[in-house]
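Only one chain is included here, represented as structure tokens and corresponding to the form predicted on its own.
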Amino acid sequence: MRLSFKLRWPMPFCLGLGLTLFSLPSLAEDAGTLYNTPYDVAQGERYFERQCSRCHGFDAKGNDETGAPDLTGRLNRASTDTGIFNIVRNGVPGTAMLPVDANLPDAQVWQVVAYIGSLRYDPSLVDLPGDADAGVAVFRGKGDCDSCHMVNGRGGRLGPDLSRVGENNRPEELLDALVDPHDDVAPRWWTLRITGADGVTREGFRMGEDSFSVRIMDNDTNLWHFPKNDIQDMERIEQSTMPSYDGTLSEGELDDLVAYLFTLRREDN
């Protein structure tokens, strides 16, 4: 089953990121327009893969373990190309985001900005075959999605909060998650089966883990903390607890559900 969608207009090179910037020097404010060709995007991608993917991932989706943000949707610290340039050039004080090499030419930094910009597009220009209103009914009804997932404060806690899932996921990615949920499960949603010092085995989502301890949340949302030197046995299950909807929902219902999920994003003020 394939999801068919199209853009009503060519994807523009624009960044709808809308948040606060640090008081950093503004460098060559309009230079970004000089470095947004396909060649520049490709060069920016090459640099990103060499230097930035270690934290942000090759897909630029970020890393919950390191705190590196997803760069494919709205950014938390920049609202313009210049803002992104300044963050790449100067880093973010007090965080793991370090500045690039001081000898790196501005032109190459702008190419990185061009690549980051190429990762997003205007969602209003996407035509989807499904109906978002019908998708709400699937989400809360036949799909029973809200028993595990929360949207704007309503729903369960046994899966990721989906209140802004449409910001950082394209329609085809949403569909893939519905029909093949076991592909590339984030470590936060792995299941751990742990036998503690009391000999009791408990199972739950991996809420946190370091060199000395691990914490899980069970299906009743109880939190359990285990010092690692007290653990008798621990099994890591890296599959999702979410069922596949391939065959459970019709193609039309999947299209409707994707259309609804794609609308879930932060409201502009």
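In case it trips you up, residue 1 is the first one in the sequence shown, and so on. Just so it is clear, the structure is predicted and the values come from calculations on it, not from any experiment.
Not on display, but discussed next: the form predicted together with heme C.
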Fill in: The single option of Leu119, Leu192, Val151, Cys148 touching heme C in the predicted complex, heavy atom within 4.5 Å
Cys148
Worksheet item: Since exactly one of Thr37, Thr241, Thr221, Ser213 fits, which has a heavy atom within 4.5 Å of heme C in the predicted complex?
Response: Thr241
Worksheet item: Is it the case that Ala60, Ala114 and Leu128 all touch heme C in the predicted complex, with a non-hydrogen atom of each within 4.5 angstroms?
Response: no
Discussion item. In the predicted complex, is there a heavy atom of heme C that lies within 4.5 Å of any heavy atom of Gln232, even though the partner is absent here?
Written reply: no
Item to complete: Give a yes or no for Ala96: in the predicted complex, does one of its heavy atoms lie within 4.5 Å of a heavy atom belonging to heme C?
Response: yes
Worksheet item: Is Arg170 close to heme C in the predicted complex, meaning a heavy atom pair under 4.5 Å apart or at it?
Response: no
Discussion item. I'd like to know whether Asp106 contacts heme C in the predicted complex, with contact meaning heavy atoms within 4.5 angstroms.
Written reply: no
Worksheet item: Heavy atom within 4.5 Å of heme C in the predicted complex: which residues of 38-66 qualify?
Response: Tyr47, Phe48, Gln51, Cys52, Arg54, Cys55, His56, Thr66
